[in-house]
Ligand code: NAD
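What follows is a single chain, given as structure tokens, in the form predicted alone.
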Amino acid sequence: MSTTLFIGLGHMGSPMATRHSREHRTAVFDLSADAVAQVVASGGATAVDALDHLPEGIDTVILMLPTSRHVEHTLLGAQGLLQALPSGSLVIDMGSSEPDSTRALATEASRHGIDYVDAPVSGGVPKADSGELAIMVGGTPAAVERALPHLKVLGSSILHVGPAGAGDAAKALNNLVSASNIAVASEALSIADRFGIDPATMTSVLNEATGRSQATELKFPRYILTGSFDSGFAYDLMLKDMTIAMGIADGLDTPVVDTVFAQLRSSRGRLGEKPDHTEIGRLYGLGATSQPPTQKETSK
């Protein structure tokens, strides 16, 4: 019987694998035994103890791994899954990977008779829980068509944006804009606060006027102004995606995002270990536990 192997059960992968297992026969693997046990207990998945001896029937693999290096390690080499999977299988990489790596992996997969799709997601843990993720898909039309039954369980917006690697490029560019939106709005709110306008009031102004964005509508009220900073998406992962986006922009004139990227990268050290990406707001003194930045800090 056809079985999907879901690899990577982090903040996003766990709810995604749980939802997938309710609609499709699913086996799950992660280095964390606790994460595997939680998904198995909450859905209809079965556990896989190791990747060097796959259960019979696996013909689809979904990856939700942190970086392209993790994806390459999992797929390539004598013990990699591209060697172990039967011809005619399908690999769907749903993490935020590097477009050039994805193109190379798709080419290598085709040599084994395996379809390869990159399908990174946007929406965070809440949308992963509800199955309403936005999914940006790269791959051949035939491969994407094969992936759709799996993707429709996980997302409410599925956009085929181009060939292999295009989904990863689109995701990186989306997060470049998302981070820039948070940074620009944070600067506006800090200016408003100095002028005597409460940041929450200024957020309402932006949301009722033309300055609104997903950041002002969701992230500021829920995660930034409350000081919770617990969206579930790491600052370092946001920086990783921004780095990918800036890499594919090399040679183009992009002064606005150049400035935002340089500022958020240079300020990373002020946020301690494992900050949430919404702590961009904390760099500007926003949040219940934040302190306003000094003039020297804002001029870095």
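In this text, residue numbers run from 1 along the sequence as written. Note that this is a predicted model, so its numbers are computed, not measured.
Another form, the form predicted in complex with nicotinamide-adenine-dinucleotide (NAD), is not on view; read the next lines as being about it.
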Problem set entry | Partner-contacting position among T46, S32, S266, S42 - heavy atom within 4.5 Å of nicotinamide-adenine-dinucleotide (NAD) in the model of the complex | S32
Exercise. Of V61, A27, M64, M242, which residue is found within 4.5 angstroms of nicotinamide-adenine-dinucleotide (NAD) in the model of the complex when only non-hydrogen atoms are counted?
Worked result: M64
Exercise. Closest heavy atom of G232 to nicotinamide-adenine-dinucleotide (NAD) in the model of the complex, within 4.5 Å or not?
Worked result: yes
Problem set entry | Distance check, V257 to nicotinamide-adenine-dinucleotide (NAD) in the model of the complex, heavy atom within 4.5 Å | no
For this session: Using a 4.5 Å heavy atom cut-off, state whether L5 contacts nicotinamide-adenine-dinucleotide (NAD) in the model of the complex.
Result: no
For this session: Examine K152 and determine whether its closest non-hydrogen atom to nicotinamide-adenine-dinucleotide (NAD) in the model of the complex is within 4.5 angstroms.
Result: no
Seminar exercise, completed: Given 69-77, 142-150, 101-109, 201-209, the stretch touching nicotinamide-adenine-dinucleotide (NAD) in the model of the complex at heavy atoms within 4.5 Å is 69-77
Exercise. In the model of the complex, does each residue in the set S178, A215 and R282 place a non-hydrogen atom within 4.5 angstroms of nicotinamide-adenine-dinucleotide (NAD)?
Worked result: no
Exercise. Can you tell me which residues in 85-105 come within 4.5 angstroms of nicotinamide-adenine-dinucleotide (NAD) in the model of the complex, by heavy atoms?
Worked result: G95, S96
